[in-house]
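In structure tokens, the next block holds one chain alone, the form predicted on its own.
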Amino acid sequence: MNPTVHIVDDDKSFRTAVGRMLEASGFHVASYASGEELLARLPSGHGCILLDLQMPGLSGLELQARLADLAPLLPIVFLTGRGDIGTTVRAMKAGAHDFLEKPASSAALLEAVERALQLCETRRLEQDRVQAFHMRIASLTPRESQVFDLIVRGKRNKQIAYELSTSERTVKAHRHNVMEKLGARSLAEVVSMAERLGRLEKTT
């Protein structure tokens, strides 16, 4: 299915015009007259959000704050006719992908949408990777998990054996199992995995 561009704007004529232009470019489009309507039909999947800054009810910035938790994979492109530097900075600091002024040209809008969709795909792939890491980590026994935490802290087999009150030979066996179960070919891969899971910070 083509990615979906979610247009959130209280101006119906604007939604219709932008929606037609995007559909003509091959995108699937969903329109919402307010932030509340989008939250009621919370989107997921591959897509991005074109968001008006000033709307009745939830403002664009307020909706952005809600979506940070509810739909973190969907990049937001702000569209506004009344933006200012302070608001732009707030939106970008809060993670907005782009900020366009109305009336944006079709070329500028399509370029922003394409970049946002690429970012969404990158986020989705990273999320899939992290979930796969979690599943591999979950396959470790409690002892292997301890060895994993010490490996990523840079401990040598001898040091790990001392800390776990076991033999170096046993640690080598656990280390081999850890590498096998995680599908890692190098220590650098294991450390990278721990960093992406936030596990390295917990062990240092």
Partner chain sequence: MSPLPENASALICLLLVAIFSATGVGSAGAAGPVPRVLILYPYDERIPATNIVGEATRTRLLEATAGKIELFSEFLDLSRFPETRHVERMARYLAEKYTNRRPDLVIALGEESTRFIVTNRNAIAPNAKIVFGGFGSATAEELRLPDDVVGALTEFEIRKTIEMAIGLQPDARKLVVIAGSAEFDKAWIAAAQEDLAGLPPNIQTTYLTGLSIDEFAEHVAALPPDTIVIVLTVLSDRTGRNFVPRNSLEKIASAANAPVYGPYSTYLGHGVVGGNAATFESTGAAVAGLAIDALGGNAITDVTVPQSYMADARQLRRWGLSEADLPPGTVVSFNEGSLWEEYWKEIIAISVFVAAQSLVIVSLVFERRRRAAAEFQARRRLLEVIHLNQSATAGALSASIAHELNQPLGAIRINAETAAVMLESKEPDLKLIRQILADIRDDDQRAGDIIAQMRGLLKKRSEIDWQEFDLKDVIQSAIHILKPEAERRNVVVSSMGPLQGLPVRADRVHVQQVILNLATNAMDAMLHASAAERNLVFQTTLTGTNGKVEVSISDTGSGIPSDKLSSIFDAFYTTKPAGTGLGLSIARVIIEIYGGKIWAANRPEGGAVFRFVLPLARPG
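Numbering follows the first chain given and starts at 1. In this text the structure is predicted, and so the values were computed from the model without any measurement.
One more form of this protein should be noted, the form predicted in complex with the partner chain, which is absent from this view; the next part is about it.
- Each of R20, K102 and S105 places at least one heavy atom within 4.5 Å of the partner chain in the model of the complex.
- In the model of the complex, at least one heavy atom of D10 sits within 4.5 Å of a heavy atom of the partner chain.
- Mapping the unseen interface onto this chain, S31 falls outside it, with no heavy atom inside 4.5 Å of the partner chain in the model of the complex.
- Shown alone here, G57 lies within 4.5 Å of the partner chain in the model of the complex, counting heavy atoms only.
- Taking non-hydrogen atoms only, A188 never approaches the partner chain to within 4.5 angstroms in the model of the complex.
- Of the residues A91, L109, V77, L74, just one reaches the partner chain in the model of the complex with a heavy atom at 4.5 Å or closer; this is L109.
- Stretch 46 to 54 is the contacting one of 46 to 54, 160 to 168, 31 to 39, 137 to 145, since its residues have non-hydrogen atoms within 4.5 Å of the partner chain in the model of the complex.
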